[in-house]
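Only one chain is shown below, in structure tokens, and it's the form predicted alone.
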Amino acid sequence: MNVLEALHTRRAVRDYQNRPVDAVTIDRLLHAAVLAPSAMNSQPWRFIVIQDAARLKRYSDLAKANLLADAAQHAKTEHYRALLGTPEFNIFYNAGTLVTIGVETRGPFSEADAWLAAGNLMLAACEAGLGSCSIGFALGVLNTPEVKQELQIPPEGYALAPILLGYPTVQPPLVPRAEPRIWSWLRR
């Protein structure tokens, strides 16, 4: 699979088989992630790999409770109130692997660097036959002092890009994309 094929076939997967992703594959994906560009070649990313279903379920429950408590303040979260209130709903879609990309300290380019690495990880996962999905709902719980301590994230560190990995139950359909919206194209 070439890069353009991966770009055209990668989808946000929200339904995973109960089949673990092996350590060799994860290691390959992490090596693909660190090939991403970073501001001033700082390569600030650090990785957390969680393959513990009980821990992921606990983090999902904590995240849902936190999100529901804040839902009235955020219109987007309010839209998901019913789903977040469903006990069976797991924000990690029962995926067996969560890879979170973080940094030891936040800087002006931290988010961009982490998401560039996440893009590489997700494209490499697609090429490996895996599904992936970024899970913004997880950020709040992953950055609580208690969870940071459990995950060995330093107090000044920050989780920025949580990515699910696993074998899709079904391949999601193509989502139509809008044409590029160009604000300016300045030529001489």
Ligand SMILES: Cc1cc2nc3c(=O)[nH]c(=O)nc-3n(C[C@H](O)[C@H](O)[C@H](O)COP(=O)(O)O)c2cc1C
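Keep in mind the model is a prediction, meaning the values are calculated, not measured. Counting begins at 1, following the sequence as shown.
If you look for the form predicted in complex with this ligand, you will not find it shown, but the lines that follow are about it.
Proximity of Q43 to this ligand in the predicted bound form falls outside the 4.5 Å heavy atom cutoff. Using a 4.5 angstroms threshold between heavy atoms, W115 counts as touching this ligand in the predicted bound form.
At a distance threshold of 4.5 angstroms between non-hydrogen atoms, L123 is out of contact with this ligand in the predicted bound form. Among residues of the shown chain, I135 is one whose heavy atoms approach this ligand to within 4.5 Å in the predicted bound form. Judged by heavy atoms within 4.5 Å of this ligand in the predicted bound form, the contact stretch among the candidates 148-156, 33-41, 54-62, 135-143 is 135-143. Along 1-38, a non-hydrogen atom within 4.5 Å of this ligand in the predicted bound form is carried by R10, R11, A12, R14, in order along the sequence.
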